[in-house]
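Given next, in structure tokens, is a single chain: the form predicted alone.
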């Protein structure tokens, strides 16, 4: 019926129809839903016993929610909103296009209100606790739960003198940490992205499983990982500016990383060195981060080459020769610089601050700095890129 109608329309009317569909939030993905492979299974990120959302072998998501009194329900994932269809019992169901492998945040729109899915486990991202879904990946073995020796993720609550406030970080200690009480370990300070918090790397990132598996395979040295909250705010502001406010000036504003840098140097590092069995010197201390955390890593390590010897920037810009020339000690003191991106980020020219990341990294390598550039295949600015980045970065540390 739809095809017959379209054939009777001229090109102008077809264009008007397409624009109207786009403005209404309709996704063209719905046109091929009949072709979906019917091997859907409940997502691993569902709450216990919940059957939806489901994922099939193509990476499509089938969402379902009971909302008898609603008039319109949309499933919002990957920047696309998919219309769900209501049945006689008031249950709304629909499928998405195939999604990239890995973890994705999503939400449901019910009559214009964005709400978390009551079927999903909740994760902190986009500056809120909300829904997330795992799309099985072909390489998911490296972060799978296996019968190997496991480390621990410890919640560490502390008082920050520089902030005059109580804070919290999570600390990964490798397998065997509590057995050999004389052994000391290097430390990686690992930061989350914007709109996330100190739970991100342990929860969405699966940091402990990645490390446990690498250590069990003999591919990485055991080390401690500290994951703190790098959310920043400028003096006089309640929170970082909203995206729509950023066009008014240079982004990010000058000094935006100073607050967390002070907290890290004056509170977090001294506390970790005092409370854990660390090797407390520059040669055994690393910093890395994703997106905003990568940008913080860039600024903090350039300003403090005497504090960090190994550096990882995941989807957070890069370090240029100009940067190094302005911080001469960086070249002599840095043992490793690792820069990574998802392939779709590079396709979209999302190179971040500091120019072309691959060219910058190659220039530093030519200048004698130990550099590595990694591209996560078929992923964008998302957790699968960063899981893979940690998996590639960790074996290079503290050699």
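Residue numbers count along the first chain shown, from 1. The structure presented is a predicted model; accordingly, all values stated were derived computationally and were not measured.
Although it is not shown, the form predicted together with another copy of the chain is what the next lines describe.
The stretch among 325-333, 128-136, 310-318, 185-193 whose residues place heavy atoms within 4.5 Å of another copy of the chain in the model of the complex is 128-136. At a distance threshold of 4.5 angstroms between non-hydrogen atoms, residue 141 is out of contact with another copy of the chain in the model of the complex.
Among heavy atoms of residue 85, none comes within 4.5 Å of another copy of the chain in the model of the complex. Of the heavy atoms in residue 124, some are within 4.5 Å of another copy of the chain in the model of the complex. Contact between residue 300 and another copy of the chain in the model of the complex is not found at the 4.5 Å heavy atom cutoff. Contact with another copy of the chain in the model of the complex, defined as a heavy atom within 4.5 Å, is made by all three of 47, 118 and 154. Note on the partner interface in the model of the complex: the residue among 359, 346, 36, 67 having a heavy atom within 4.5 angstroms of another copy of the chain is 67.
This chain appears without its partner; in the model of the complex, the one residue of 146, 262, 81, 221 with a heavy atom within 4.5 Å of another copy of the chain is 146. Residues 110, 111, 112, 113, 114, 115, 116 of 98-117 are found to place at least one heavy atom within 4.5 Å of another copy of the chain in the model of the complex.
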